[in-house]
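Starting off, we have a lone chain in the form predicted alone, written out as structure tokens.
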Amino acid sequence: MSERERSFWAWGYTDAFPDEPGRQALAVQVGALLGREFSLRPLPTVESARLPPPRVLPPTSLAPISSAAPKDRILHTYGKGYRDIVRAYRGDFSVAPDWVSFPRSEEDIERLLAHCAAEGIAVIPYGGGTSVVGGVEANVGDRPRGVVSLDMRMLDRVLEIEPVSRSARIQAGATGPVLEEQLAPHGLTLRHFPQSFEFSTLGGWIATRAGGHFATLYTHIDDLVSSVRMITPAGTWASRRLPASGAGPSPDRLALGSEGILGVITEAWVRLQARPRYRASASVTFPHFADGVKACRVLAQSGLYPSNCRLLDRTDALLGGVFVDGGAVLLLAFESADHPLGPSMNRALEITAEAGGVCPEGPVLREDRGEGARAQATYKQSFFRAPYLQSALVSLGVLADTFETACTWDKFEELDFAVHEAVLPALQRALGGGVLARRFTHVYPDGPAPYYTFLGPAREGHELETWATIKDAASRAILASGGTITHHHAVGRVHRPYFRDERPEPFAAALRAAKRAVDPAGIMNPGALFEPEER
């Protein structure tokens, strides 16, 4: 069977992109929401891509693991954020890497880093290419002579499973489906399902502190990492596998979220769980979004730890095709490998009822008997489908993107008000109107993670400038209201100016010093987290 083809401009596989009837239906749906008609634009072809010639080429010693073929360079130019999709749709690949390397071992990586350090060539680690914040693009300033994209796809195996401690040693290039497929015969799962699950990798999750699908308890990859192995230009960075330690600052914590500026994550020991057997789910509607907020806070502080506690406002529910009778709907779920979930769901519904929630159809309780993986895939299918729709919206001339944050419960009302006051007028000024939807993706005892979607009719030829204006308005409102610039999308290059305001300056100085220590030539992903010259 031939390998499925990845789109050179849009999210995902070419055969999964909405067909013409699907785009027509999407045009009608978004047209009704925005109060105007949208027509189908022609889809780009790879022949229309504009690509500069390579400035540098791989040496003979690295040629067997490297490629300067136009298609490889195109596929490694951008991530999959709105601005990436727009530039690729236009055929603009002016910041393409000069070549792409596909190492098969740590020794290959060491040889590549040594060559690039000696020659002043920047190296950008590349997992699944799903960054939405410019984390993998070759926008590295003027100092490097060239840029190499280091693709980890060949290092994708589960190397060792330790069932007593329920841990596994996994190579960093393993995508979500690949690693789960290797864990399934052992009755185990990593249980980390970001929306990019189909394409993103373990190394990418660690490098960006990725958030998964689950709403409480183990929400980030941070919670699942036991130790990290990383190849830096100065040598191998490898921590000891331990359940916990108080021995000084953690080397794993510094690797988590490092976004490739220190080195290349090659493998990690991760904590596993038994595959779920029992599941429970319910939909609860509320008269007002604020009622749902109260219910989520009590649920987050109850110790019940639901696997899903996703609160959607009316607009977000309509965008997602979720029925809502009122101002908000809460998608509530539990899962367990150990025990039935009726008592947990019953108590959760008591909490939602006290906040004015109604569950008209009652909860659904089920037990999987050898069908866990299939049920899990079905449950999340619509969640993973959403990024394809954003690419299709770009092809209709719709500006559509998201931003997210986290704040304490006492700050949410102020933050939410500030975001609406900043973004809706920005949409009106730039586009003549638009919509702003919101949801909670994760909830913690001390605060929620609000996630916003904005849409409007894009002005052809001005998409990037308009997007930047709206993104800036949202980012400034979030920071001014006590939120973080990102809860689970990383910093990259897009959030870099705002991250500068969020981080303490002594910490920034310490991180710069750490980078100089392990990357003295400054070749590792310059421009991520810091300005390219800020070392």
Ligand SMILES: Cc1cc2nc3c(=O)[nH]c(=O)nc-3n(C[C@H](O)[C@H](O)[C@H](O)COP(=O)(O)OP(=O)(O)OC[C@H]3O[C@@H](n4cnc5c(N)ncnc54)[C@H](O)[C@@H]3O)c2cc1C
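Residue numbers run from 1 along the displayed sequence. Quantities reported herein were computed from a predicted structural model and do not represent experimental measurements.
Just so it is clear, the following notes concern the form predicted in complex with this ligand, a form of the same protein that is not shown.
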| item | value |
| --- | --- |
| Which of 193-201, 140-148, 110-118, 320-328 lines the interface with this ligand in the predicted complex (heavy atom within 4.5 Å) | 193-201 |
| Touches this ligand in the predicted complex: residue 129 (any heavy atom, 4.5 Å) | yes |
| 4.5 Å heavy atom contact, residue 135 to this ligand in the predicted complex | yes |
| is_contact(residue 233, this ligand) in the predicted complex, heavy atom dist at most 4.5 Å | no |
| Touches this ligand in the predicted complex: residue 97 (any heavy atom, 4.5 Å) | no |
| The single option of 77, 208, 352, 405 touching this ligand in the predicted complex, heavy atom within 4.5 Å | 208 |
| In the predicted complex, the residue from 292, 306, 448, 260 that sits within 4.5 Å of this ligand by heavy atoms | 260 |
| All of 215, 340 and 444 within 4.5 Å of this ligand in the predicted complex, heavy atom check | no |
| In the predicted complex, residues of 488-525 near this ligand [heavy atom within 4.5 Å] | 488, 489, 525 |
